[in-house]
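In C-alpha cells, one chain follows: the form predicted on its own.
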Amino acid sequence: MKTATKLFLQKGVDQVGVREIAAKAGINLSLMNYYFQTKENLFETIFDSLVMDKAVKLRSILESDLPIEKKIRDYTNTYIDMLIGNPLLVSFVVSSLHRSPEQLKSMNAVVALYNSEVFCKHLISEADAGRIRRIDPEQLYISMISLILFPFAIKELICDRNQFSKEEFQAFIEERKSIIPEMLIGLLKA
C-alpha cells in the first residue's frame, strides 16, 4: 500500500499499473491481486486511508455546536494543516475525479469530506436570527473549500510568479489560515 500510494500520488492512478506496483513493492503480483482483486479496490483503500480520518475531523467541525466564525476558522486551519501534511492530495483527488467521477462520488471518504448539510442549516438559522447576512450556504461552503484548496493546486505557478522558496510558500499558506476566515466572516457580517 505504501508503494502504491507513493506511485499514485506521483504519477496519477491511470499512469500506474499493478505490475509496476508489485515490482516496486517487491511482492508477487498474485499476492497483490489476492488482497485487492483490482487496482480500483487498491485505489479506494488507499484513498480512504489518506482521507477518511481527516474527513471525519473536518466534518465534526462543521457539525459541532461552535459559533459560525469559530467553525470557519477551525475548518480552514484543519484543512490547510491536512494539505500541508500531504500536498499531493489535491492533485490526486482532482485527477481521480476526472478519471472516474461516479466511483469517486460513492467512496466513503469523499462522502465524509464533502458534506455540508449541517453547516448549511446553521448558516440559514443564523441568517434567520439576523446574526449574519443571508447568503447561499452552498456557495459559501464551496468558496471556503476553493480558497483552501486552490493554492495547493497551483503551487508551482504561485512559487514561480512570486519567486517563493519552499519556506516562503509555506509561510504564504500559513498566512491563509487567517486571511480565508477573515474574508468569509467579513462576507457574513449582517
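Sequential numbering from 1, following the sequence displayed. What you are looking at is a predicted structure, and each value in this text was computed from that prediction instead of being measured. Definition used throughout: the rigid core is the maximal C-alpha set that superposes within 1.5 Å between two forms.
The following text describes the form predicted together with the DNA, which does not appear among the structures shown.
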Practice prompt. Look at the stretches 146 to 154, 57 to 65, 123 to 131, 30 to 38 and give the one with heavy atoms within 4.5 Å of the DNA in the model of the complex.
Written response: 30 to 38
Discussion item. Contact with the DNA in the model of the complex for residue 180, defined as at least one heavy atom pair within 4.5 Å: yes or no?
Written reply: no
Worksheet item: Could you tell me if residue 166 has a non-hydrogen atom within 4.5 Å of the DNA in the model of the complex?
Response: no
Worksheet item: Taking heavy atoms only, is residue 18 within 4.5 angstroms of the DNA in the model of the complex?
Response: yes
Worksheet item: Relative to the superposed rigid core, does the CA atom of residue 173 travel 2 Å or more between this form and the one not shown?
Response: no
Worksheet item: After a core superposition, would you say residue 18 shifts its C-alpha by at least 2 Å between this form and the one not shown?
Response: yes
